[in-house]
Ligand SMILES: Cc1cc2nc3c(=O)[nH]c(=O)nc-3n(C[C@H](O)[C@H](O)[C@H](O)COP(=O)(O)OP(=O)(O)OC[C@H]3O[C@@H](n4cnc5c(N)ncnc54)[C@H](O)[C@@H]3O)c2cc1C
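We begin with a single chain expressed as structure tokens, specifically the form predicted alone.
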């Protein structure tokens, strides 16, 4: 059967060249799926496939696994959710890890995960295009010098592939430093400086706290209403408490409970310039994917005045920032905690499964993991590592059933050849 797969691969290889107007350096037939992205989502799919005896090839544009975690996150980062909600399929975190593992502990876990399941991505492979060839019956996945030909394609580049940099009037005039959080490592270089953080999600809030701890003077731009919840309540993680309550109560009742406890623990956040949305935190997450902020100490710094809350920005000038309320203030640096976006539309030549607008699957969770012609998506659920793990298992099960069916077909074909001979 392996010999016949090699023959089939060579035929695909030969036909690959026939369908090209110009040659590339190398064309590789992959008997299993090609997985684009070597982050936690891609590793999870590859490991689940490996456990079922299905080989795969993982293509990673960087020179390491989990490049977002290793290269584009700040030093003080911890997992915001308890470790049991962040583990990948088939392997738990070590028992001696804390409830909220550090950035380096999570990276170590991922490296050990890849080693345990013998997942070895092909690094420095930026996919420039992936297209289903209906004549060939295969996906053609192209990098700069190589084309991979495969029956199944898994998009695992995730929701956080590219930094979102908003267009703010006057950015070219501002003479001080402007950086995205993907370049921020520590508040040490901002010691003694006034820093404006744009964005009040978990990253923006935590960067402000880090700046305070390094004796900088941060302010944070809050343009929209935001839910801030304690990281833990009643001795349990807020997320874990929410998941448990949802088993017994409707979402709106759980939202009401979370907001009541948050009010008792954190006070009225609107007095600090942090208005809450009309929609509850879980319902808002379910409808829009907007994650509530889990407070790790930032709110206390806002209450004490160490962090100032500012309205939206109207424009930037040479040294100053003008806000929509008419006030202007000088800052030594601006940090954009404005999040990330999917880059799938830039390389996947397919418009049925993924939205061209935001690069996310058109079908909402839990149905966005499977498309047509052997196309799959993992890491696009807006439900973090838990959602990615759920999709990874589904994808592996589905591909395995196709793989076994194909193996039976190849075996029958081999028996036919033997009987004829």
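Note that the coordinates shown come from a computational prediction; the quantities given were computed from them, not determined experimentally. Positions refer to the first chain, counted from 1.
The next section is about a form of this same protein that is not shown, the form predicted together with this ligand.
With the site C-alphas superposed, this ligand from its pose in the predicted complex keeps every atom more than 2.4 Å from the backbone and C-beta atoms of the shown form; the site is open.
Using a 4.5 angstroms threshold between heavy atoms, residue 365 stays clear of this ligand in the predicted complex.
This ligand is not shown here, but in the predicted complex it comes within 4.5 Å of a heavy atom of residue 340. This ligand is not shown here, and in the predicted complex it never comes within 4.5 Å of any heavy atom of residue 199.
This ligand in the predicted complex is approached by residue 86, whose closest heavy atom lies within 4.5 angstroms of it. For the three marked residues, 39, 69 and 384, a heavy atom of each sits within 4.5 Å of this ligand in the predicted complex. Here is the short version: of 292, 280, 158, 121, the single residue with a heavy atom within 4.5 Å of this ligand in the predicted complex is 158.
Interface residue among 212, 127, 221, 226, judged by heavy atoms within 4.5 Å of this ligand in the predicted complex: 127.
Across the options 392-400, 355-363, 46-54, 376-384, residues that bring heavy atoms within 4.5 Å of this ligand in the predicted complex belong to 376-384. If you take 184-208 and check each residue for a heavy atom within 4.5 Å of this ligand in the predicted complex, you get just 203.
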